[in-house]
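Before any questions on binding or motion, here is one chain by itself as structure tokens, the form predicted alone.
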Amino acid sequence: MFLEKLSNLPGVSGDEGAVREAIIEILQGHPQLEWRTDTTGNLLVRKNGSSSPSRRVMLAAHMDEVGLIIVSIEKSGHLKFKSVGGIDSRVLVSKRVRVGREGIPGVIGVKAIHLQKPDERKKPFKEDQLYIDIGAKNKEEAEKHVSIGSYAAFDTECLSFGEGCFRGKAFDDRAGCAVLLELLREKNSLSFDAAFTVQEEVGLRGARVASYTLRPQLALAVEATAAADTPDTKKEQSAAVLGKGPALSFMDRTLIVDRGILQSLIEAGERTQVPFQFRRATAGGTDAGAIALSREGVKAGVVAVPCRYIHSPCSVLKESDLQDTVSLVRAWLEAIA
């Protein structure tokens, strides 16, 4: 699959161009596919199979990732920043980043522990106490490479490790993008629309425009969701776990899932013996929330790849869950067709 290639690319919300270009490159040479880019930067792809579903179907996965944006350049040459999307500032200290279109290497810094007062050591650092160090000697030197408004993405290489796992950045939602690419490139009779959306992490903005354009009647957001199968989480509180297949949502902050779609996903999994689980949490939101409210309304659902440590510089997922997500969504599309 294409997870590694997509994960390694920078694509903070509002700056998804590199990811979009890579997806278009992957789609080249497939005569069943037609695509275009809309005004907001969404990549809209049509797969023209021989079978046409009775209702227009849309799959969505967002290209953007959480990251940082430069808001000032200090006299010392250090860069002050603000988060783009939901990031816990406690995970940022000492992390490597790439800044701007040139990918200038940098490190997120903070006052060393030796220089902190005793009460400072007891509190987590806030975002305004952090800065990015690009090795510049002063403001003038830094301004040769970086400007206010430049983006900074985490500098994390995607690698396989452990028992069939991947670690890397931006699995939310490059995992979903990888799933859509697999389904689009398959040689079969299925017909559907796929939207690779922008700016999901800052308000589901791209999906709102894409669904207005595509006018679907049924839709799935293919996402990554928080896996909480870690030592500090009780089993009954774990939203999803690695290795048990994609997670199906009942509801989240933006959507109560259409029960007909949920039931059809369950039936597709049972019929094809693809493992799946239920997402035992209602926090967060997905593109499905915006799609469901488009025009006269759309029946929408969510299928998500369980992923540990999302919205951080490095996440973990299991390859089998990624493959099972492809299989489940394919089975659902076949049932509709």
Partner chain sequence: MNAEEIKELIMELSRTVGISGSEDEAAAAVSGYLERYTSQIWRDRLGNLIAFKGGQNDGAEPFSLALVAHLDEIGAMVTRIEEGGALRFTGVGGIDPRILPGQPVQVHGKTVLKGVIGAKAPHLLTVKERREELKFEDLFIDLGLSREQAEMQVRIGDLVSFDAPPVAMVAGNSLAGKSLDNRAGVAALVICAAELAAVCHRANLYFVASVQEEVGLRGAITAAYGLVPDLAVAIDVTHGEAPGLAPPDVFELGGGPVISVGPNYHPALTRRLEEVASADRFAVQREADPASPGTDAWVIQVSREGIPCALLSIPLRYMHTTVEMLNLDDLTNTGRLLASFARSLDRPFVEGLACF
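Keep in mind it's a predicted model, so treat the numbers as computed, not measured. Positions refer to the first chain, counted from 1.
Form predicted together with the partner chain: not shown, discussed below.
Out of the listed residues Ile104, Leu190, Ile261, Val209, Val209 is the one that sits within 4.5 Å of the partner chain in the predicted complex by at least one heavy atom. Proximity to the partner chain in the predicted complex, defined as a heavy atom within 4.5 Å, singles out one entry of Thr272, Gln32, Ser312, Thr37, which is Thr37.
Not displayed here, the partner chain is approached by Arg20 to within 4.5 Å at the level of heavy atoms in the predicted complex. Taking non-hydrogen atoms only, Ser327 never approaches the partner chain to within 4.5 angstroms in the predicted complex. In the predicted complex, at least one heavy atom of Gln199 sits within 4.5 Å of the partner chain. Remark: Gln116 does not count among the residues lining the partner chain in the predicted complex, judged by a heavy atom distance of 4.5 Å or less. Annotated contacts: Gly14, Ile69 and Thr213 all touch the partner chain in the predicted complex [non-hydrogen atom within 4.5 angstroms]. In plain terms, the part of the chain that comes close to the partner chain in the predicted complex, with a heavy atom within 4.5 Å, is 146-154 out of 146-154, 92-100, 173-181, 219-227. Shown without its partner, the chain has Lys80, Lys82, Ser83, Val84 in segment 76-112 as residues with a non-hydrogen atom within 4.5 angstroms of the partner chain in the predicted complex.
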